[in-house]
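One chain comes next, on its own, written out as structure tokens in the form predicted on its own.
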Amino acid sequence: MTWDYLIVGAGFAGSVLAERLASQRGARCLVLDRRDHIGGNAYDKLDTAGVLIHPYGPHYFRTNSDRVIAYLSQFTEWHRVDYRVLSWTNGQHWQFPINLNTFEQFIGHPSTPEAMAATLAKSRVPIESPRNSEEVIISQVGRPLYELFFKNYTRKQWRRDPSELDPSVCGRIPIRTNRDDRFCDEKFQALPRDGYAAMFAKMLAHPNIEVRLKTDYREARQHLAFKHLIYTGPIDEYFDRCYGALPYRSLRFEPETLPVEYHQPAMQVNYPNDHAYTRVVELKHATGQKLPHTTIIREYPQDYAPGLEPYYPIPAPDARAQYSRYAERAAVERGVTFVGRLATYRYYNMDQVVASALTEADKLPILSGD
């Protein structure tokens, strides 16, 4: 059998493309993934205690795209939730992202949006065009709040100083002078009602799609006939790291089930200045699961090495320059389309991956099997 599309990776990018090509064009799609499950890093499951967890770190779905909402809503109903995060430092929980409540904790007495705005205006370091993550935050709130919440957290997460990272790394965190304590600004914030794994299963259930798990595409492709390859894995791996290994950050997760209904006061508590882990996630706060026990997951950033998962491309000028050499090769690679966070070496949110995959599906060549 000759497949129209061989798709490497069963995460958001690969699954969206497989579904679109199969349902809209009647294309025959074979999806390969070397893990033992679909869904990529967004995969979720019940742990041994029956608690729904995100084994690869929390995936808080949010978007402003009506197109993305409409598309994914074909495969899931939603559990609407406002994601709320706290930050633990100086011996107390702080509201985070920075808002009027955080500011009142910082100054030790009640305040107003006007007073907060005036104080921040005095604290800011005037930088017209911030060039990195340190500059983008100190230009908004000044150095004291930057050092309290951002500086060391970013160093732990990326093993680089914020001054070495693109403005978007810290700049994606909102700063507010009102009492809005939600972690995200997007209009739509929700989790798939029955979980991500169930959503992906419906997405890939089309009769023209076959999924093979625990399968390495390098070995499998030698025995397969296909017309076009869609690759969503690390781009440097595809090209045998001919320009050197691209830098990534990996993660280690430490789950613990506890005999209490809730362990911490929010779904996520950041630890910018304490401990080796960056955050502790208790997903029950977001899912609304009713159980007398709970599971928390401590998240430890670590250096990437072969055998580990490359979770995050490094959003920094030197990494981007190295990637550009791979991008030039990818642009002229015949019969291959590179899609997704790892294949395009970009720090995407989930909705951005979905949107790019939907756009790419419209661009892909029409094959004889369509």
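From a predicted model like this one, the values you see are computed outputs, not experimental measurements. Residue positions are given as counts along the sequence shown, with the first one as 1.
Below: the form predicted in complex with a small molecule, not depicted.
- Across the proposed site, T215, G233 and Y348 without exception bring a heavy atom within 4.5 Å of the small molecule in the predicted bound form.
- R34 is the sole member of R67, R329, R34, R320 with a non-hydrogen atom within 4.5 Å of the small molecule in the predicted bound form.
- The small molecule in the predicted bound form comes within 4.5 Å of a heavy atom belonging to L251.
- Residue contact with the small molecule in the predicted bound form: L342 places a heavy atom within 4.5 Å of it.
- The shortest heavy atom separation between E299 and the small molecule in the predicted bound form is within 4.5 Å.
- Contact check for R28: no non-hydrogen atom falls within 4.5 Å of the small molecule in the predicted bound form.
- The stretch in contact with the small molecule in the predicted bound form, judged by heavy atoms within 4.5 Å, is 334-342, chosen from 300-308, 334-342, 321-329, 45-53.
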